[in-house]
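Okay, here we've got a single chain as structure tokens, the form predicted alone, with questions on binding and movement later.
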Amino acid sequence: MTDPKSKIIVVDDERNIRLTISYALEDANCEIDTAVNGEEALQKLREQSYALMLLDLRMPGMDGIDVLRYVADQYPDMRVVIITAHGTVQNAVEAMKLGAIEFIQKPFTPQEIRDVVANVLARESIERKPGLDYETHLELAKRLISARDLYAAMKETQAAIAIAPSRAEAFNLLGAIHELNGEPSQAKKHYRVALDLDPTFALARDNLARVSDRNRRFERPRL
């Protein structure tokens, strides 16, 4: 029997998108359900529970933003990944402010879908325990970012820094948390620390370049 925590609903008015995602996740030990619009999605949510929703932003009738608002209010534990077309990244970032945890930009590959779903579900499986190592603190922090608990995510990241203050990854993540919290100057400071520790660290380099570029500020920080 499939674990109910691995049930996923795909909400998109394009049949090809629903089929592509369903086929991509066939071997991922996930139970896949689909909805053709926002109204059908909400009806299914009232009938059963899902761990994750893959949600198109632009649909006729009830659009993805309206669905997201309803989910955030009524089903705060369910994770939502936005599906967005090229040119609507700004809308996707606005959706993340409303509670979405990630976005996938069309056109995407089946592997991109599998990777995003695997990462989200893996973060949900981590439990908070004493004596965690550096990597687990960072994974917990990412899960807490997904849950929109930036304060707790910052605490986990700081715990990782206490374990290994000479490693760059946690400082990059701390910068991303500050950026998501609307603190670009603090974000830049921590991205620079990450680069000082590891000048080859591409995530921090890209984040620092993006947060310094007004034309790219609507893009999501790289975790």
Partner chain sequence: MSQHYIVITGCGRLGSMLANRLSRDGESVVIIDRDESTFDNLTSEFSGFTIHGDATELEVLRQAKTERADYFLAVTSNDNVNLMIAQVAKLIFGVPLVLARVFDPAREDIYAQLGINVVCPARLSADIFLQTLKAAED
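Numbering follows the first chain given and starts at 1. The structure displayed is predicted, hence computed values, not measured ones.
Keep in mind that the form predicted together with the partner chain is missing from the display, and what follows is about it.
In the predicted complex, the partner chain stays beyond 4.5 Å of every heavy atom belonging to Ala209. Phe108 belongs to the set of residues with a heavy atom inside 4.5 Å of the partner chain in the predicted complex. Taking the partner from elsewhere, Asn16 is found to have a heavy atom lying within 4.5 Å of the partner chain in the predicted complex. Although the partner is absent here, Glu40 sits far enough away that none of its heavy atoms falls within 4.5 Å of the partner chain in the predicted complex. Only one segment in the set 147-155, 109-117, 73-81, 133-141 has any non-hydrogen atom within 4.5 angstroms of the partner chain in the predicted complex, and it is 109-117.
Only one of the listed residues (Asp196, Glu26, Asp66, Glu183) places a non-hydrogen atom within 4.5 angstroms of the partner chain in the predicted complex, and that residue is Glu26.
Residues from 155-169 do not approach the partner chain in the predicted complex: none has a non-hydrogen atom within 4.5 Å of it.
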